[in-house]
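As a starting point, one isolated chain is supplied in structure tokens, in the form predicted alone.
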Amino acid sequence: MKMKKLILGAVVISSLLLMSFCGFYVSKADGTLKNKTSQVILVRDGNKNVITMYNDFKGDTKDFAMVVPVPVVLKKEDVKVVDQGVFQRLNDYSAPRLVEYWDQNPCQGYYNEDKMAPMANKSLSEVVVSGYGNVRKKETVKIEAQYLIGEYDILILSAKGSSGFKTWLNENGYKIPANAEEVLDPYIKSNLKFFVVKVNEKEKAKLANNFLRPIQIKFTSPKFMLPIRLGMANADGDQDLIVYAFTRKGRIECTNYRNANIATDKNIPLFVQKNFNAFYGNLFTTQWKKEDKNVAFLEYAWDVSPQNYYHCDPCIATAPSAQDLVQSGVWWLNGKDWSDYSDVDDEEYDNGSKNVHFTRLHFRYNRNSFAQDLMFQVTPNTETFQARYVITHPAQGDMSCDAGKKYLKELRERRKKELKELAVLTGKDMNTWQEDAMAFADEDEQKNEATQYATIIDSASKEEENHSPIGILSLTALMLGGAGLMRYKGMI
């Protein structure tokens, strides 16, 4: 049976990608701008927050605005653009990973240390989803501040009512998404401001490659949250969001939804290496459904402080540099700024620590499963974690010795377990993977038919048929027939 491949898209930077995380898009065209995937960098210590937004907006940037609720009026120095490459580097380093091992030939009295060493291969490039935005009425909308930052025109607005916000949008030539107005009221009643971003085409034309850059904002607030509800106004099905979070103490956790570790340290068949993206896409979807579709999945957690050399096991990319961390908003690596009094109300004193704990959370959400904005907390948990999947190459060479024959039997049993694990993780039975298993054996496998995945799948399928209802009915009929014959012969 041909496998239907569910692939999480690789993160590709293009001129059509636009950043955002907790607003919706509004358009001067037909209102069809869609926001599907998002990545966000959160930096939190005390009450200080730095948020960097990157999104996969698709549409014409000439008629675009993105709106994000924020707790305070942002000053010009609180907003800047950053290099989009930092998102790629953080994703590459923290992504779920495939690990390779090699078996030793039991008929040889040595092993190759280089081949026995674990290696990383084909890490998953994931993308996430999220989108948001809003606007208001002329007489009830106030422009609190106005800036040109990089290639963006930025307004900070306040509003008295959601209908006024909608009117303001309409009167300025924008069309509000149909489902947006209903979620505006809680933000307006909470006296939040609205950070409105538009692309300045003249400034954009000055960029070397015409790429739009991520936007970073900083502010002080006792609340540690992401307002995702507005983004659902642009939702075109389920949305994914990956959060890269940095703190001084330890992991972050979601406080108003359950937290769960994604399945990890699982032994899977070798042929998964050919399409690891499809494997992980299926795994994530299966786990998400098992968790009732309202969970924060942990995919990576580690101390990535510059002084800590050991950041992963194994590592699949270059660790974030001190420059990457500072660009992400980790301000404390530059030392204490004694002219900054924004932390005077923090409960904890800034002790000058330069520890950096990196947490990667993966959300998939919709209006039914996530009725509330995401609330977070910083925890003292410094335990390491990574989404890690293991493939093991079989030993090569002559297996005619007794130990070799025993190894081949054990290899077959191990591969049965790998196939069963694959079925559990992806929610797809073994037969779904038959085509991949056959293609793999033709190209790479040693020609020992008994240990080939395709042979094992075929054998398992026949066993299932023997235990199927038809097989059981046939056996039952045979038993009843035998009993009738015995009764006829007077034997029972």
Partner chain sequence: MFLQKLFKDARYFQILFQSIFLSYGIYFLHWKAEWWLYITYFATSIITQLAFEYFLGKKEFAYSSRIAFSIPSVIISSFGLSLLLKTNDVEIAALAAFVSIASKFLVRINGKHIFNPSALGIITAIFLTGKAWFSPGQWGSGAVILFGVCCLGFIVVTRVQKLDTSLAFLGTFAALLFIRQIIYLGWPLDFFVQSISTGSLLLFSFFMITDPKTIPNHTIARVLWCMLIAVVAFYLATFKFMNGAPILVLVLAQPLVPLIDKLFKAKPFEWKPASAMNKKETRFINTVYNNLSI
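Here the structure is a predicted model, which is why all the values come from computation and not from measurement. Numbering follows the first chain given and starts at 1.
The following text describes the form predicted together with its partner chain, which does not appear among the structures shown.
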> Exactly one of 223, 354, 409, 393 has a non-hydrogen atom within 4.5 Å of its partner chain in the predicted complex; which residue is it?
Replying inline: 223
> If you check 274, 416, 258, 160 against its partner chain in the predicted complex, which one has a heavy atom within 4.5 Å?
Replying inline: 258
>> How about residue 371 - does it come within 4.5 Å of its partner chain in the predicted complex, if we only consider non-hydrogen atoms?
In response: yes
> Do residue 153 and its partner chain come within 4.5 Å of each other in the predicted complex, heavy atoms counted?
Replying inline: no
> How about residue 229: is it within 4.5 Å of its partner chain in the predicted complex, going by heavy atoms?
Replying inline: yes
> Is residue 288 close enough to its partner chain in the predicted complex to count, meaning some heavy atom within 4.5 Å?
Replying inline: no
>> Counting any heavy atom within 4.5 Å as contact, can you tell me which stretch out of 88 to 96, 395 to 403, 247 to 255, 316 to 324 lines its partner chain in the predicted complex?
In response: 247 to 255
>> Under the 4.5 Å heavy atom criterion, name the residues of 377 to 392 that approach its partner chain in the predicted complex, in sequence order.
In response: 377, 379, 380, 381, 382, 383
